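Next up: just one chain, as structure tokens, the form predicted alone.
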Amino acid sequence: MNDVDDVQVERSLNALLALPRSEQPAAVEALCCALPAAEEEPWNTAFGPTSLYHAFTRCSVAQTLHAANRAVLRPRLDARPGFRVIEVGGGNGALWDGLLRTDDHGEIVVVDPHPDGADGVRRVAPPGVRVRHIQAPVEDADLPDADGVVCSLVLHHIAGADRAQRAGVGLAGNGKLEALQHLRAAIAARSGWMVLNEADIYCDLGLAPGDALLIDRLLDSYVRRCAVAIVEDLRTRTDADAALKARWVQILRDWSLAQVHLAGNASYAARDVYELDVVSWLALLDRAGLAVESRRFTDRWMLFHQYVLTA
């Protein structure tokens, strides 16, 4: 897939969004079939310059998130020479590119189960910043004490608010609460801080697979907001070449639209995302012993919410 008809993609999405909400799930399926397919790349399995993940970090909605995080992080790094920051999920290092300075000294501990999870951060780190990789899911990692934690768009992959909710639907192990408590313990000894980014939408275990409200919530987040942002980039971004636009269309098809299909057909365990809305996050952060220093949306589509937290 080399050529993208930006106008047709936009028209198709606008036609979908103009339908009554009850008719939109079927239209999502039809649009998935109509968009050009590409070689499948499972999400979060590759982070190089030709990957879907890299293409996502080039989207405006992701770039504004990174800019908002850099604005929070830079003064905190300056205040703690020799800093140690834990990043949950290293991705392609996009956050640190443009944030770290050549004279910075400290350590970034990347917690990521992928074997290449820290490579992107290593590529952009200056000589004085050591990058260490803990290859494990965050809930299982042996975390060091840290001045700060960055946890961006990761915890929504953990099903359930806590172990009890997971057990109620037959899932073992920890939920988001236990992961948050684990991260809080890492920053408590140094009176540290945490930056959390997550979408403002509820589609966690409180909604059963196939529930009409679950499907509509996924439509709201991944189609009415995220897909709209991607299509706007397709139409307006003059810095995007044909290859990048093709990957954006693949993200639109196989990630944004596919989430709606998955919600209607997958079991509790097989779903990909388990989001919380802002109200639910605030309640969970309070349970975890994390105080909210500030919070705000980082994009004009009101998709991603940033929480700046202290122990």
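The first residue of the sequence shown is number 1, and the count goes up from there. All of these numbers come straight from a predicted model, not from anything done at the bench.
Form predicted together with a small molecule: not shown, discussed below.
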Next item on the list: Counting only non-hydrogen atoms, choose the one of 73-81, 188-196, 148-156, 217-225 that falls within 4.5 Å of the small molecule in the model of the complex.
Entry: 148-156
Next item on the list: Name the residue from 209, 160, 137, 106 that puts a heavy atom within 4.5 Å of the small molecule in the model of the complex.
Entry: 137
Check: If you check 245, 58, 66, 253 against the small molecule in the model of the complex, which one has a heavy atom within 4.5 Å?
Finding: 66
Check: Taking the shortest heavy atom distance, is residue 98 within 4.5 Å of the small molecule in the model of the complex?
Finding: no
Item checked: Contact of residue 88 with the small molecule in the model of the complex (heavy atom, 4.5 Å) -> yes
Check: So in the model of the complex, does any heavy atom of residue 113 sit within 4.5 Å of the small molecule?
Finding: yes
Checklist line | the small molecule contact at residue 268 in the model of the complex, heavy atom, 4.5 Å | finding: no
